Every structure is written in structure tokens, then in C-alpha cells.
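Next up: a single chain in C-alpha cells, the form predicted on its own.
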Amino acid sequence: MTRPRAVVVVTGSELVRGDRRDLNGPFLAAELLRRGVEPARIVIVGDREEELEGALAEGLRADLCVVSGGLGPTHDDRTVELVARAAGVGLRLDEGLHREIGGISRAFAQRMSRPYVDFEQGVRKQATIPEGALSLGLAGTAPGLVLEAGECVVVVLPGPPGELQRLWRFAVESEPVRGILARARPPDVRLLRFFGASESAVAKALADAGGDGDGVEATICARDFEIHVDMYVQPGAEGRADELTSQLVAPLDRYLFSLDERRVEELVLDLCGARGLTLATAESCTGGMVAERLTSVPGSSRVFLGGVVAYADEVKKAELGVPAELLERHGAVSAETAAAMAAGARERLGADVAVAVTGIAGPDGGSDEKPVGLVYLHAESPFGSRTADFVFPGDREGIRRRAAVTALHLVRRLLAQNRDEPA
């Protein structure tokens, strides 16, 4: 059975200009893939009528076309009108939507002390939908829609990622989309995550194991010193996937840190939680990025106490107790300072475990002795410590991201007590 194909059309001139990053395309592609629908293409287009028309014409040749954005009340929100034109149907005012959107807009007008008449034209515009379309409900004042257009099912969703994701779950429950999904066979997904191995080493191990094919599709992606291998396994190819996984992991086992979707920060928090340990951070060049990743995990407050962003030497001394003579002798970017920062975070915040990062993120500030990209890391716990230093390649943002990820892996290795692994 051939998998149903989908095209995702993401609209918004701000995305084309690069003012904002597209979050909807990757989310929808992942959602489709895990349901067994092939995301054949993600098309990002601006608000110009001819560009969106062309993208929709392509999208309607697929089994499923998911469109995000362009559902607002202004003149450049053209998605509904152009979807109707592409599907060859007219437009109609949905009275139920008109009342619902109107109620929201009346309340807003009252709070803003503005006359409702200022909003009525936009309300009618948002309540006008293609003939035959089903409403998925509202996110804000924008309705999600499902429309059958010949052999294609079109799903229209709002652009803000939170609103899109809220209405997407109703879209997959709608009868037209369920009909598409009934023809799909979700693949078995195997996720392998490595840290410390190069992308070329992982690629070689995959090739030596026989490579993908025969019902197994493998992708390799480098993400801030982590190497992610995703295997999509078609029904009947499970044995082949087991063999490929086993042979791939064998030479790289020491670098394997996850066989599921959990991020390193989740693993660190789980390891701390399992041992009843609390955690703190002390950061200089990363400016709180390690703490941000930890606090992005729901429930992290059970483990993570807090962090100190000690950018200036005076803050390192005052808030973390780093001795002035140590800073004078070794400098702020040194293994000795990283160790003192971690010890200070443990003491000042009362944590069992602490990790510290200090380095030169650039673009300025480097020297022959201490180049841009040099980062020192130190993790400390009641049962030992680990230290590492790297010269990370890349621009300022890349160096900071890689340093934050590496700091978390240093803690993970310390907590897992994998002392035979290189830091």
C-alpha cells in the first residue's frame, strides 16, 4: 500500500523575510510522519496572492494539504479565499462562527473602549469560509477548517504555533482526515542519540552495518555536538531494523546516551531525581542557557534549585566566592575558575550537584593562548567531579549552544559514573 502524501503550506511574509523562524512546518511534518503520512514537501510562501495560489495548486495534488497562517481579519490574510478558489468552490458566511467571533470581538472592543463597528468587517471576514468546509473551532478569533477538494483533504489552521497545535488535534479527529489516516500505516520509529562521536564516525558505522533500505530509512543529523540517528521502519522490516541497530551501536556504544526522544536535560534531571540529588548551575559565557534548558522540562523544580549567571569577575567573586587571587593567577577562562564556580554554586545555593561554564564566545576577546571558542566546564557532586575543556567552532551563538549542551552531558556522565568515557 502506498503511503498517503501530504504537502504543508506555511504562509507569512515575515517567514520569507527571515524575521521569524517557521515552527509549524517541522511540527506538522513530524505529526504526519508518525501517523504514516509522507510529508512530501514543506512550502513557505509570503502573503502575495500569486505565490500562495501556486503553493495551494501544488498542495491540492497531494492526498492531504495542511495550510497554516493567513486567517486574520486584515486585507493580506488571503488563505481562506484562495483555498476556496483552488478547490473551485464559493464562500459563505457561517452564522455560528459570526456570532462566536463577534462575541469575542465585542468583549475586546468594550475593554478597549472602542466601538464594535470598528471590528465588524474583520469579524465577517474571519467567519466567511469555503462552501462545504467544516469548522474545527476557534483559536483566538481564527477558525480551523477542513475541506474536501476532490481527491485532496485540505486542513486550514492559524499561524501562531500554540493556536495551530491546539486545533491540529481536532483536525486529526475530523472525518475527512480520519479517512486519509485509515489508509496510512504508521512506521516504527527508532531513535538513537550519540554524544562524543563525530558525524562521519556515525555515518561510517551505519554504512558498515549495511546502510538503510529494505524497509528501513535512516537519517543522520548533527545537533550541537550530538548526533541523532532516526530510523523509520516500515511494517515487516522490524527484523532488519533490529539487526541494523545492533550493528550500528556496537562500535559506538560508549557514545550512546538515549534510545528515545528524551533530551539530555531530561536525562540529567531523571538521574538526579532517582538519587534524590539537587542541582544548580554557574554560568559565564552561556549566560543562563544551561539553566534555561533545565527549566524547560516540566517538573524540573523538584531537582533544579537555581543558577548564577556570573559574567563579570566581580560577580564571580561576590556571588560564587571565586578567590580574587585565583582569577588573577589563572584568569576568568580557566579550569581553576570553572572548578571554583561549581564549588561556589554548590555552597551558595545548597545544591548536591553543580555544573559551571566559563569561556570565550567571541567574536572578540580571544588570543593565541586562549582563542575564541575556548570553554572550560566543571561538574561537581558529593561523589566526585568531572572537568572538560573544548575549543568549539562556530559563531558566538553556536559556541554558546554547544557549551550548554556539553555542560549537561558532563553532568550526565558524572551522575551515570561512566568514568571510562572521554569527557
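Position 1 is the first residue in the sequence shown; the rest follow in order. It should be emphasised that the depicted structure is a prediction, and the values quoted were computed from it without experimental measurement.
One more form of this protein, predicted in complex with a further copy of the same chain, exists but is not displayed; see below.
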### Query
Based on heavy atom distances of at most 4.5 Å to a further copy of the same chain in the predicted complex, which listed stretch, 174-182, 254-262, 343-351, 95-103, is the contact stretch?
343-351
### Task
Could you work out which of V372, L60, L33, A388 is the residue within 4.5 angstroms of a further copy of the same chain in the predicted complex, going by heavy atoms?
L33
### Query
What is the one choice in A250, A324, A222, L91 with a heavy atom within 4.5 Å of a further copy of the same chain in the predicted complex?
A222
### Task
Considering only heavy atoms, tell me if S300 and a further copy of the same chain come within 4.5 Å of each other in the predicted complex.
yes
### is_contact(D188, a further copy of the same chain) in the predicted complex, heavy atom dist at most 4.5 Å
no
### Message
I'd like to know if V16 sits close to a further copy of the same chain in the predicted complex, meaning any non-hydrogen atom pair within 4.5 angstroms.
### Response
yes
### Task
Consider E397 of the chain shown here, and say whether it contacts a further copy of the same chain in the predicted complex, taking contact as heavy atoms within 4.5 Å.
yes
### Message
in the predicted complex, does every one of T286, M289 and P363 come within 4.5 Å of a further copy of the same chain, counting any heavy atom?
### Response
yes
#### Entry: Contacts with a further copy of the same chain in the predicted complex - residues in 144-162 whose heavy atoms fall within 4.5 Å
none
